[in-house]
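Shown next as structure tokens: one chain only, the form predicted on its own.
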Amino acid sequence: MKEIIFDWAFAWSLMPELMGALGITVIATVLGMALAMVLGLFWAVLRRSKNPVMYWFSTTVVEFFRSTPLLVQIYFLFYVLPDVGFRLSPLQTGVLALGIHYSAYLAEVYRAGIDSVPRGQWEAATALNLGKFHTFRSIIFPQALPPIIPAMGNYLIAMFKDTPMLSAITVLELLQTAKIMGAESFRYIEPLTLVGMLFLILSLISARMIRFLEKRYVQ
């Protein structure tokens, strides 16, 4: 049986290129999460609308993206959108796919947070003759946000770990770069081990940030 030896010198030589790929992974995650947070709030607000068309539309969108695989959505956006004249780079497509997919989950998180605000808060704002937008922005949303921070943090970490799927559309993120390195050198243990360590480190950092936000805002 061939002995497996981890070559630290070789591993160290891979770090510059892996760190560049890590930057792509982080960018895709941060931009995807930002998009998901905005769209998720949009879907959540529409689902509270008394307009049946808006309610039906938002519910359909949320259920569709929650019920179909992320990889299928990535392929669809990358290969179908150009046929209708909407062209994006692989990274832009990946960010869009991550954002839309996770917005469906965050919509439910937002909905739960908004529903947790006592109805008396809405009634008090109405009694003070405050507009719906001002009421939501200044009274309801600030109270709904703290309870949903843990769930949003979990989805951030989940999105970070889903970025390797973007390699399916040629995005040279962390894992895809490591696979290319392994194919070129015929050594996979070093690049894949480093990838696992980098994912672990960033996941732990993200978890610490989430716990800090919980202590800061969750009472």
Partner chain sequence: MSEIFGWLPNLLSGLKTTLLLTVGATFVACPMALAAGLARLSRNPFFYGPAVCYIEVFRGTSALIQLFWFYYVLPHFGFQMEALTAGILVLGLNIGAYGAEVVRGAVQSVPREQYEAAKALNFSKMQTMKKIILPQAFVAILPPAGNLLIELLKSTALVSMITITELTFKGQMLRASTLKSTEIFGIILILYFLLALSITHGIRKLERRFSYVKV
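Positions refer to the first chain, counted from 1. Predicted, not measured: the structure shown is a model, and the values here were computed from it.
Keep in mind the form predicted in complex with the partner chain is missing from the figure; the text below concerns it.
K.L.:
Check residue 128 for me: does it contact the partner chain in the predicted complex (non-hydrogen atoms, 4.5 angstroms)?
P.N.:
Because no heavy atom of residue 128 falls inside 4.5 Å of the partner chain in the predicted complex, the answer is no.
K.L.:
Would you classify residue 68 as touching the partner chain in the predicted complex, given a 4.5 Å non-hydrogen atom cut-off?
P.N.:
Result yes; residue 68 sits at the interface with the partner chain in the predicted complex.
K.L.:
Is there a heavy atom of residue 192 no more than 4.5 Å from a heavy atom of the partner chain in the predicted complex?
P.N.:
Heavy-atom contact with the partner chain at 4.5 Å: present for residue 192.
K.L.:
Can you check whether residue 167 is within 4.5 Å of the partner chain in the predicted complex, heavy atom basis?
P.N.:
Looking in the predicted complex, residue contacts with the partner chain include residue 167, since a heavy atom lies within 4.5 Å.
K.L.:
Can you tell me which of 134 to 142, 90 to 98, 68 to 76, 113 to 121 lies within 4.5 Å of the partner chain in the predicted complex, counting heavy atoms only?
P.N.:
Of the options, only 68 to 76 has residues within 4.5 Å of the partner.
K.L.:
May I ask whether 17, 22 and 86 all come within 4.5 angstroms of the partner chain in the predicted complex, judged by heavy atoms?
P.N.:
Checking in the predicted complex: none of 17, 22 and 86 is within 4.5 Å of the partner chain.
K.L.:
Considering only 192 to 213, what residues come within 4.5 Å of the partner chain in the predicted complex, judged by heavy atoms?
P.N.:
Heavy-atom contacts to the partner chain in the predicted complex: 192, 193, 195, 196, 199, 200, 203, 204.
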